[in-house]
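Below you'll find only one chain, the form predicted on its own, shown as structure tokens.
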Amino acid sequence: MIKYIIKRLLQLIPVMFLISIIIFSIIVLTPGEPIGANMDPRATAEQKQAERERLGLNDPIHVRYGIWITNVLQLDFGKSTIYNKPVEEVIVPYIINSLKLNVFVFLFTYLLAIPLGIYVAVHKDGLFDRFVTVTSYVGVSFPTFFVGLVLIFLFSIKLDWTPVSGMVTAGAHYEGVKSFMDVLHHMFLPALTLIIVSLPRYIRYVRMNMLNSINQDYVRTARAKGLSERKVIYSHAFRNSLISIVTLLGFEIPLLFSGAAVLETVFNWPGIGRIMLDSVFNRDYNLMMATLVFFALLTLIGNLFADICYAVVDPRIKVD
């Protein structure tokens, strides 16, 4: 298994190299440039040309990519034109903030979705199954930002239970447990929004795979042998359903981060998705490259994680 992981990690290097070329080319060929973000609006054409020369924007695209990848290999991701400091100093705190939100949502959603999905599969066409079916259709019908705005109206404006936006209380400077509870208080609404939107969909996915497993011959055989229903469901049907569930799990890791970009903007949550949008709107090439490469790397790691989980849940799958 360790040899397989090392082999897959080494395979990521040329893939990431190719992805970085594609992303860099698309960004550079897109109309617009970062000139003007940090310049005096009254700057003359000569001053703008000098700034363009300083940033290397007049160089051919392959030269610009060569300079960028050489610097990245030395852990220098360039300077952000929005924040006027090195990209690595900008991006790391935002990644940590997104992790705080998305890890909580990811764990809570799966811990709820798996037992509830099994329950509605075992009790197919029951009252709760029909309720989940209706709510899943409702959940996918409304965009995430709309659900977030509705929750802000209910919990923050009408009931005054939660903050409208942000990650910490402005000017409070809490420490220790108070700081942790303050972040949880601010996290409640964006986390609840993501859970409301994604939970019914996950339950339906687990339900569908459980129903496929329950109708297989090996499950009928297990029941014919006199095994208890609990053992049939959890030891036979659910274990085989796990193969499909871990596939979804691997793909959902990057989607959680990229999909929360709009939500982070709605709740003013200082996450990686929000600064990615800021970098796009302000043509901050270095910051845009760093965030997009981060999402690409996250996707590859998610696929690797899913492959490793395959081998864990299904001994028939061999890795070498």
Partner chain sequence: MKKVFALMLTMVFVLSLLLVGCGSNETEDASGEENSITTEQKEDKKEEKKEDKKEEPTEDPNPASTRANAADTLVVGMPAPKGEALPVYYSTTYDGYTCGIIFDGLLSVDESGQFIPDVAESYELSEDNLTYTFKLKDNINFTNGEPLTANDVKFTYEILADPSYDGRYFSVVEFMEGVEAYKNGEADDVTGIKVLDEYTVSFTFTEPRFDNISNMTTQIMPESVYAYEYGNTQQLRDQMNAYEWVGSGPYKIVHFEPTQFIEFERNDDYHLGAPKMEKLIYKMTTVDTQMAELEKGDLDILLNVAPTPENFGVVDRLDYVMPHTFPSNGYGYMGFNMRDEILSDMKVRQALTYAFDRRAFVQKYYDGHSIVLDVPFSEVSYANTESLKSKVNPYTYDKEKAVALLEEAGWKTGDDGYRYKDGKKLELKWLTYTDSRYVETLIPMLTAYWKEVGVELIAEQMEFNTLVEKVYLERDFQLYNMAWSLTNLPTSNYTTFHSSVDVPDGNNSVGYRNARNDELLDMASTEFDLDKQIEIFEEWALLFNEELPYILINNNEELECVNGRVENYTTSPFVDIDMIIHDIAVK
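Residue numbers count along the first chain shown, from 1. All figures in this text were calculated on a predicted structure; none of them were measured in a lab.
What comes next is about the form predicted together with its partner chain, which does not appear here.
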With the partner left out of view, is Val266 within 4.5 angstroms of its partner chain in the predicted complex by any non-hydrogen atom? yes
I'd like to know if Tyr205 sits close to its partner chain in the predicted complex, meaning any non-hydrogen atom pair within 4.5 angstroms. no
Wondering, does Asp160 line up within 4.5 Å of its partner chain in the predicted complex on heavy atoms? yes
Can you check whether Thr169 is within 4.5 Å of its partner chain in the predicted complex, heavy atom basis? yes
Could you tell me if all three of Glu229, His236 and Arg239 have a heavy atom no more than 4.5 Å from its partner chain in the predicted complex? no
Pick the stretch from 242-250, 143-151, 192-200, 113-121 whose residues have a heavy atom within 4.5 Å of its partner chain in the predicted complex. 143-151
Students should find that, of Val72, Leu211, Val164, Val183, the residue having a non-hydrogen atom no more than 4.5 angstroms from its partner chain in the predicted complex is Val164
Quick check on this chain: which one of Gln216, Ser156, Thr133, Ser179 has a heavy atom within 4.5 Å of its partner chain in the predicted complex? Ser156
In the predicted complex, residues of 264-296 near its partner chain [heavy atom within 4.5 Å]: Thr265, Val266, Asn268, Pro270, Arg274, Leu277, Asp278, Val280, Phe281, Asn282, Arg283
